[in-house]
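What follows is a pair of forms of the same protein chain, given separately as structure tokens and numbered structure 1 and structure 2.
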Structure 1
């Protein structure tokens, strides 16, 4: 079978699996943060004597549930203990393989932008991998250094670090790859928190109980701390993961600033939900987050092209070379850059170009979604030429 077709199959299956296990991880993470914020101190003396620090009654699917959380650990270790770890590991593993299939195996197309930096595919891949590893090392170092001193200082410095990474990657890689690698860096940090801190802390607690010792509460506190961090990082990661579908964000000249603003809005909105679970309706947070998103979308809104008169608009014959050079490689009956023309749109004849004029305006000019990943290096001047042709009535 054709190599491009095999890549499409691998992409489909990995994306599907990544989505499935990601839902399992994020769902359990959101649930336990909600649970911690909703638990109430027990009134039953027997529960207090057992060491229960909080409990909750809930109904779901026709059944009643009574989750209980111990201050440190139960007096006796249960025989059947479920560990929430494979959801995280599976999400990271499938995400990394998906990153390899979509970007690292096609780095020359999807990661290298000659207009930004003269990188080889290998160098672009190296930058991507260094970002994943370096992001974890910086985050973990900041945690170790500052967490006991000032949570606010830690959050501020880590946010500035993410901003710096976004700025640097958007000057080195294609916008699409830059956004994705910022998200992959944060996601790697989240999974590393589970692997290096949360699960080892839980194992240490269990081991102490198996030896008949009283577990040190510090391990649970550290694990919970990292788990809360993961909760705040989830929405920024999710945006980065879907950003490749919205080229008007990552193709902007100040794309790093666009990403910074959206990530900040995501954190503010998540903070609102965390406070809401505790019974606090802190409306300024979603208002601020929503205002930031609105400001970004207004900022990115395309500016309509104004012509002195319709006669000054370029003709089909004038824009045809641009379409042939930048679009027909994918949108033709025999595409050379894709297994099949995306969305079945054909642009290999003048008639098809005129027929699909409104789609060209939307996808190539207003949203900058095409060419996909700007694989054919369409310039801003060429996009403006297409916009002027559309303003003149696609004649």
Structure 2
């Protein structure tokens, strides 16, 4: 088996697993934030005496459930206590390996964009790893500094920080790698919240109870704070993770602004759901989020090429050298830049080029997704030539 095939299998298995454990993690995050926001103070005096601060009734899968939340902790610790941590850790671990297989092992093609910065693959990987670690340090520092003062100030500053990272990465790495690393940075912060704060805080609480002491509520409160942050970060992270399918977003000259707008819309929409659990239907939030998304899509819409007269359009013979120079290095039965023709698309003969005309228009002109990372340095004039060829009916 050759290396390209092995990378493909590793990517398939890791992506599949990453999705499964990610669903388990984000699913439990959604569930617990919903639970917390929906709980009602108990009316039963026995429950109150036990220290229950909130409860609810739910029906699911044919059974009735009655979860109860204790204000700080129950008087006696149950023997069998479920911890939610592997959902998060396994999502981070599979994600990190996937990043390694897809981006770090193929950094020259997937991370470096020579039109932006002449980086070596090693330097691009270094920037990626530094983003993941640095993102956590800045978040954690801001959080420690500001959490007791103002939640809103913290949120504002952290958002500005993410925008700055998006801006910086978009000037250093390929758009695709930049978007993915903004997502991976936020996701690393979320997992680090679980690892460094939420789980240790809960361990301290449990240990105090085992010593027969009353646990300090501060640990629970801090864990809750971080857990709420994680909840707001879920939708932004998920967009970053799927963004590599949507080249029109990450290949835009102002891609960092596109990302900023989409992340802001995602947070606004998440906020609506969190308020809704508490019974408030704050429609201005999703309306604002939806309007931002709509504005972005209108802004990014491809501009159609109009020809004075179809007869003046370039012909296949005129555009063929462009495709040969910019595309065939990868899209050929004997590619030089890739182990195998990607996506099975062949652009090595005039006949193949003509057959793939509409696809070429989409990928190289409208979305600017191709050439991948513009590694073959295609110029805007060449894209215009392809556009004119398409407008003339691919003659």
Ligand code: HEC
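Note that the structure is a prediction, hence the values are computed from the model and not measured. Numbering follows the first chain given and starts at 1. In this text, the rigid core denotes the largest set of C-alpha atoms whose superposition between the two forms falls within 1.5 Å.
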Quick one, which of these two is the form predicted on its own? 1
My question is whether residue 381 is one of the residues whose C-alpha shifts by 2 Å or more between structures 1 and 2, given a fit on the rigid core. yes
Align on the rigid core first; then say whether the Cα of residue 339 has moved by at least 2 Å between structures 1 and 2. yes
For residue 28, is the C-alpha shift between structures 1 and 2 2 Å or more after core superposition? no
Shift of the Cα of residue 348 between structures 1 and 2 with the rigid core overlaid, in Å, rounds to 2.8
